Structure formats: C-alpha cells, structure tokens
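In the structure tokens that follow, the same protein chain appears in two forms, which are kept apart as structure 1 and structure 2.
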Structure 1
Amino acid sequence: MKSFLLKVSLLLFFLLKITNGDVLFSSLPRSLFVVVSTMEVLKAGEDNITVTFGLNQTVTNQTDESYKKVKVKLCYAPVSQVDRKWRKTNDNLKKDKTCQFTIYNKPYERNVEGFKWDIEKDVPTATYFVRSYVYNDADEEIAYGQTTNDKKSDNLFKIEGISGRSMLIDIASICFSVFAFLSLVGFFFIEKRQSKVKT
C-alpha cells in the first residue's frame, strides 16, 4: 500500500510539473502579421531595421480583446541553431531559446504599429527572422506572428556581429610578431658571436 501511494504521489508530482501552465508554441494561433524592411546583410552596431506588425486581417473569426501587451523578438533561423544548444527550439515557450533578443515591448494597440530598431553591438553573427507575441492579463503568450514561414526558411536576414578585432589590432599583432622574430634572430647571432670570441 505504501509503495502504491508513493508511486501515485510521484506520478501526480510529475504531471503537475509538466502541466504547470506552460504555453506551447504549437498551440498559439498565427493572428499577427510582421514585416521587416530589409532582407540583406546588416552590421551590428551600425545598421537598423524597420518592423511593422498588427492584427492579421486575413484570419477570420478572431478577436483581439484579450491582447494586452506585445513583444517583438529577434529570433535565430534554423541554419544558425545547428550544433548550438543554447539556441535550441523547444515547443514549450519557457524553455525555447529561439528568440533571445526582445526588440519591442509595449502595450497592444489595435492599429498597425511600426518602429525602427538599431541593431545592438552585442548581437552575434547569425541568420535571423522577427517574431511577435501578444500577451493576456496573466502575461501568457496567446498569439504570434513572424516574418518567415512555418519552416523558417523564407524572408531571413543576416546580421554580422562585431568580432572584437579591428585593423589596428591586426597591424599591431603583426608588428609585435615581426619584432619578436627579429629579436630572436638577433640574440641568436649575438650569442653565436660571443661563443666564438670565448674560444
């Protein structure tokens, strides 16, 4: 009897852990449209993108009365997630690491909204798309929209991050390397000459 109660309590604990109110991406309707102004190679810290989003009028029988807040995020495309567990897609939105950069976070308005986002310097080199989520009063995702298709293969753009190296650093490292090599050769000849003088 004790082992049965233990098994039942463990099962209930496990089920509660799974169904603790997490939102699954697959359960969200695609009721927003999102458009990005550019589909080219951009540079972090220099370029910007213009994002326009709003209620998708082509979807029938939808209402936006429960929409309270909207967040627009920069998301990694599948090609930039390969062999990178820290960018892994998960259907559970609390565990999903696809969209790590929030670029807009404001209350929802019914009219079409647009904004310009300056690409920050800390955005790494990758291929991206833009996704927006709308939230209800409980701060749970209830709908989404994105610039790409369901397979995340169209309307992608690339951002080149700052590598941390500049032309001056490269020139300085070459100069120091040449100086070190010449010093080594010079000390070698000086040591050889001193050893000949002693003998």
Structure 2
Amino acid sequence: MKSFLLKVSLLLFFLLKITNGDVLFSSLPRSLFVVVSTMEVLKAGEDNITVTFGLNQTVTNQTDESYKKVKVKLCYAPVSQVDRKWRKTNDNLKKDKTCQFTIYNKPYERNVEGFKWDIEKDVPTATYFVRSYVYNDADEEIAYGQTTNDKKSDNLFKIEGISGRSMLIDIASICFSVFAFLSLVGFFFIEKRQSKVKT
C-alpha cells in the first residue's frame, strides 16, 4: 500500500512537472547515440572535434516523427562541477546548468554525416562530454543521447581554455604603471624643491 502511494505520488509529481511545461531529464529516453572523434587534451581556439550522432539502433520501437530539431551541446563532467554551483546539474531542464555551450542547432534529419566543431576561445578549461537533445514542435526536449555513460564517468575529454593574456596587454600594463610611479615621484620632488626655494 505504502509503495503504491509512493509510486502514484511520484507519477503525479512528474506529470505535474510536465504539464507545467518543465521537462525533466530523467523522463527522457536515450534514443540517440553520439560519438566524438578525439580523446586527447584539446586546445580552445586551435583544435576541433568531429561529432557524429543518430538514432540509437539498440532501442527498438522508435519513431522519430515528432523529432523536429536537434541541438548538440558541450557539457561539464562531474569533476568540473565540484564546488561550482553555477554549473550544477538539475533534473528540471529549465534550471539545468550542465550544458552551457550549444555547438550544433539544426532541423532534424534522419541521416546526418556528422560535423566538425572548432573549439571556440570562450570555452573554459574543464573536463567535458557531448550530449544531444531532440526537440518537438513545441521546442521541448523529447529525447537525448550522450558520449558518456549514465554516471558520466567514461569517455570524457579535456579542453584547455586560452589564458586571455597577450604580450601587448602586458607591455601596456607595465608602461602605465611606470608612468604612474614616475609622475608621483616627479611631483613630490618638484614640490620639495619649490618649498626650499621659498624658505
């Protein structure tokens, strides 16, 4: 009796969330597969990754008639989420912050060759995996696929972000600092000399 009540209330809870318009990740079927080309450490702004994705052949009785749009996203692995609440995983996809970079956004086609994505310069240093979502007409997620397992522990890859520093900025910074220091010292001595002249 108790477990029955629990199941009913959980079901109602999920239904409520869905009828509210909030899609839960745990409710999505893993109908797609995603494969990423390389597993070495990659450099932002220099390297690229090749992603292939499509319908997961092992899942039977699939129909992709309601699949209208596909997005592929770059997502943080759990190790890069530790002590960083701004990357937290939330089952409610509206509040979920795991996948912050969309690398592919196109209408759904059954047979896609795969694509190459140049790792952009604003991608930070972290460990990642790739996930794809398919959307229906109402722009809601209805299925997903990802390169890693459910625990998000294998097939992860690292990206090294750019430092953001440049020689030009460093030089400008040093020049301005020297100017500030010299003008201070200069003023001080000029005033000292002026007061000596006066007395």
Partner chain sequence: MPEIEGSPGTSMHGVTGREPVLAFSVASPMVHTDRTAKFDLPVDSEHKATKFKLFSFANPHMRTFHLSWISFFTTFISTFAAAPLVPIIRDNLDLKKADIGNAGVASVSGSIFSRLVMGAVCDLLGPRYGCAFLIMLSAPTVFCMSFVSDASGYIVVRFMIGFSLATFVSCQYWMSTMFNSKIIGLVNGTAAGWGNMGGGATQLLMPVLFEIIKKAGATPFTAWRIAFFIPGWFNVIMGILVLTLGQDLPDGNLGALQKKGDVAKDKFGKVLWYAVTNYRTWIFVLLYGYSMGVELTIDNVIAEYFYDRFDLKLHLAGIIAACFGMANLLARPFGGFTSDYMAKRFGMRGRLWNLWLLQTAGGLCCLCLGLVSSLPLAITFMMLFSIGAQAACGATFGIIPFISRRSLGIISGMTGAGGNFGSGLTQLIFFANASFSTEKGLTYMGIMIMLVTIPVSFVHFPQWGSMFFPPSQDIVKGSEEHYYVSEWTEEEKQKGMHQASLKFAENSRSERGGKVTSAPTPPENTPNHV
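If you're wondering where the values come from, they're calculated on a predicted model, not measured in any experiment. Numbering runs along the sequence of structure 1, starting at 1. If you superpose the two forms and keep the largest set of C-alpha atoms that fall within 1.5 Å, you have the rigid core.
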Working through the pair one at a time, identify the form predicted on its own and give its number.
-> 1
CA of L28, rigid core aligned, shift of 2 Å or more between the two structures = no
Would the C-alpha of N48 be classed as shifted by 2 Å or more between the two structures after rigid-core alignment?
-> no
Verify the C-alpha shift of A138 between the two structures: is it 2 Å or more after superposing the core?
-> no
